[in-house]
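As a starting point, one isolated chain is supplied in structure tokens, in the form predicted alone.
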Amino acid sequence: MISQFFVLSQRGDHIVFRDYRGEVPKGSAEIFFRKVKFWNDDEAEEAPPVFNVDGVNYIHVKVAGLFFVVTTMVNVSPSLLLELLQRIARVTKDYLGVLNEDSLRKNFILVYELLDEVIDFGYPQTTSTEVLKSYIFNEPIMVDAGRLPPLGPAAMFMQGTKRMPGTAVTKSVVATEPGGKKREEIFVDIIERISVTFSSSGYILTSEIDGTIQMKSYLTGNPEIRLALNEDLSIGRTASSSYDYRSSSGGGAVILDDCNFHESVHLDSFDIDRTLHLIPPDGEFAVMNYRITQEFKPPFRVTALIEEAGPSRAEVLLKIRADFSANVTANTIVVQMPVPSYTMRASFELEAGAVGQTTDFKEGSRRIEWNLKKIVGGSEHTLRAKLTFSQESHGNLTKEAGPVNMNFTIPMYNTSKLQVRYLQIAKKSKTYNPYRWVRYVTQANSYVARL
């Protein structure tokens, strides 16, 4: 099934390489990297996850800046191999704690040992962290947490007045703490990726939420977990709106279009009290995936306008308004807008007192880019861009420019109002009281404003 598996850095360096069947010609990794790097000679267009070169199928995913790739000479389901690559990346992260080039190079012996158990002669065997523990004997070499890039406010897990740095969840699930002590912690993330399309006047045309309840357990003995969600949670389309504030909780009923659960989850009492019962396996896994297409309040309002300012000039006005609480801050905001292909130059004008904002004109892909380090809830930011063309425009600027795309991360905030009411661990004894950390994160999946 699989001929080769390899991991490449962003520079194209081989970090891991395994040839299982010896049927693909040598140099496949170099061929893959050149093809991906110079796909269509357009930096705005990325290579598809599956493509064929000289009869060799290349399937890849990009995780943490690394290319995870498999090659095959036969007709195999692309979805199967893409899922396998994601699982290999996940189980590698479970064992190494953090997944990056440095951790892979330091633990290449452990990584090859994992690969030998995960894939045998090109056929997948198992990607379960729990099952692999019986066959993996090398101990991970931990990457110094101080060398990891800062994660910002999103890296703080909060429980009352207690705080836990984000690097705590980037430790191996199989390694012990100094002194041989076992960790007794469990981390739960509610991660929501939202897709919103705005009209030119700022009205919402389409909106959707893809959410995941992610769990990573460091508990010994695999105790039973009870995870309680909103009592007014409902599944399936109903006539009521997501913003029916008559709910007793005051936050509005949470209505999911559909959802699915991890195989370890028992739903015996879910219909009664919205509680999930599970015995968490080792490693990181998705407890629940869900989707919402009902109306919701987006965290940002984006408006864009482009107007002629002369025979060969135009002016762009971009405005962002943060429609969330002032005690919440969005991080790493990137706003991009394609401009007409005959644009020669772009000059920018930021608002007075702007801090932590940068602008750029990407000449190769003909787009303007606006980066904001952070946006505090309730604030509004504006950018003006003056474009100079190599020829006169013909009044079709709105067709030749845009739409505006926005990417961001908002820690400790979720759009759907899905909440963890409590996280209960079956006690082994009266003195057993492990730490429980819950975090909420909202990210942009597709945030688009039309001109």
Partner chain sequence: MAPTAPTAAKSASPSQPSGKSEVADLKQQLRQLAGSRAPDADDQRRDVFKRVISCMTAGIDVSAAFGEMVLCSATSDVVLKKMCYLYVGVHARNHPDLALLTINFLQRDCHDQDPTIRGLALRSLCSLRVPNLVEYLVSPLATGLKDPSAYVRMIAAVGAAKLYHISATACLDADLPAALKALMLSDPDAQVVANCMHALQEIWTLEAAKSEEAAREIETLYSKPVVFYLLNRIKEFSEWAQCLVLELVSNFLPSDNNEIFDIMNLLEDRLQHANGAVVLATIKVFLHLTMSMTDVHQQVYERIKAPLLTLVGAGSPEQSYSVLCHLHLLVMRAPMLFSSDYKSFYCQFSDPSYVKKLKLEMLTAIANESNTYEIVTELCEYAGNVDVPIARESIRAVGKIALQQYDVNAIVDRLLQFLEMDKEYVTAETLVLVKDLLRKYPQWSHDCIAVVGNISSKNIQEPKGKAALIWMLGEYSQDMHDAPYILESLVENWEEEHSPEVRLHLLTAVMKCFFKRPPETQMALGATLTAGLSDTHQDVHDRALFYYRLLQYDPAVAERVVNPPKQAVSVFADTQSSEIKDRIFDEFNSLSVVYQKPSYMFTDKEHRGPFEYSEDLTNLAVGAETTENTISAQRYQESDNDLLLSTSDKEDNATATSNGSSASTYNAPSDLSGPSLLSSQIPSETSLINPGAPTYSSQSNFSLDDLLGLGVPQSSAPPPAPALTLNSKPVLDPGTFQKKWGQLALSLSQECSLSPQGAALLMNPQSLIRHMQNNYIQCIASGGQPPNYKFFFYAQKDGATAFFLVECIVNTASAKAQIKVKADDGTAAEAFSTLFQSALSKFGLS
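Rigid core: the largest C-alpha set superposing within 1.5 Å between the two forms. These numbers come from a predicted model, not from an experiment. Positions refer to the first chain, counted from 1.
What comes next is about the form predicted in complex with the partner chain, which does not appear here.
Participant: Is there any non-hydrogen atom of Ala47 lying within 4.5 Å of the partner chain in the model of the complex?
Facilitator: Looking in the model of the complex, residue contacts with the partner chain include Ala47, since a heavy atom lies within 4.5 Å.
Participant: Does any part of Asp189 reach within 4.5 Å of the partner chain in the model of the complex? Heavy atoms only, please.
Facilitator: Judged by the heavy-atom cut-off of 4.5 Å, Asp189 is well away from the partner chain in the model of the complex.
Participant: My question is simply whether Ile272 lines the interface with the partner chain in the model of the complex - judged by any non-hydrogen atom within 4.5 Å.
Facilitator: Residue-level check for Ile272: no, no contact with the partner chain.
Participant: Even though the partner isn't displayed, in the model of the complex is Asn405 close enough to the partner chain, meaning a heavy atom within 4.5 Å?
Facilitator: Residue-level check for Asn405: yes, a contact with the partner chain.
Participant: Exactly one of Ala354, Leu317, Val376, Leu205 has a non-hydrogen atom within 4.5 Å of the partner chain in the model of the complex; which residue is it?
Facilitator: Among Ala354, Leu317, Val376, Leu205, a heavy atom within 4.5 Å of the partner chain in the model of the complex occurs only for Leu205.
Participant: Just one of Asp232, Asp210, Asp323, Glu307 has a heavy atom within 4.5 angstroms of the partner chain in the model of the complex, so which one?
Facilitator: Of the listed residues, the single hit is Asp210.
Participant: Select, from the options 356 to 364, 224 to 232, 307 to 315, 100 to 108, the stretch whose residues sit within 4.5 angstroms of the partner chain in the model of the complex by heavy atom distance.
Facilitator: Residues of 100 to 108 come within 4.5 Å of the partner.
Participant: Taking only heavy atoms into account, state which residues of 85 to 121 are within 4.5 Å of the partner chain in the model of the complex, ordered by sequence.
Facilitator: Those in contact are Gln86, Arg87, Arg105, Lys106, Phe108, Ile109, Tyr112, Glu113, Asp116, Glu117, Asp120, Phe121.
Participant: Aligning on the rigid core, do we see the C-alpha of Lys106 shift 2 angstroms or more between this form and the one not shown?
Facilitator: Lys106: C-alpha displaced by 2 Å or more between this form and the one not shown.
Participant: Determine, after fitting the two forms on their core, whether Gly310 shows a C-alpha shift of 2 Å or more between this form and the one not shown.
Facilitator: No; Gly310 is a residue whose C-alpha shifts by less than 2 Å between this form and the one not shown when the cores are overlaid.
Participant: Align both forms on the core first, then report whether Val438 has a C-alpha shift of 2 Å or more between this form and the one not shown.
Facilitator: Val438 C-alpha, core-superposed: shift of less than 2 Å.
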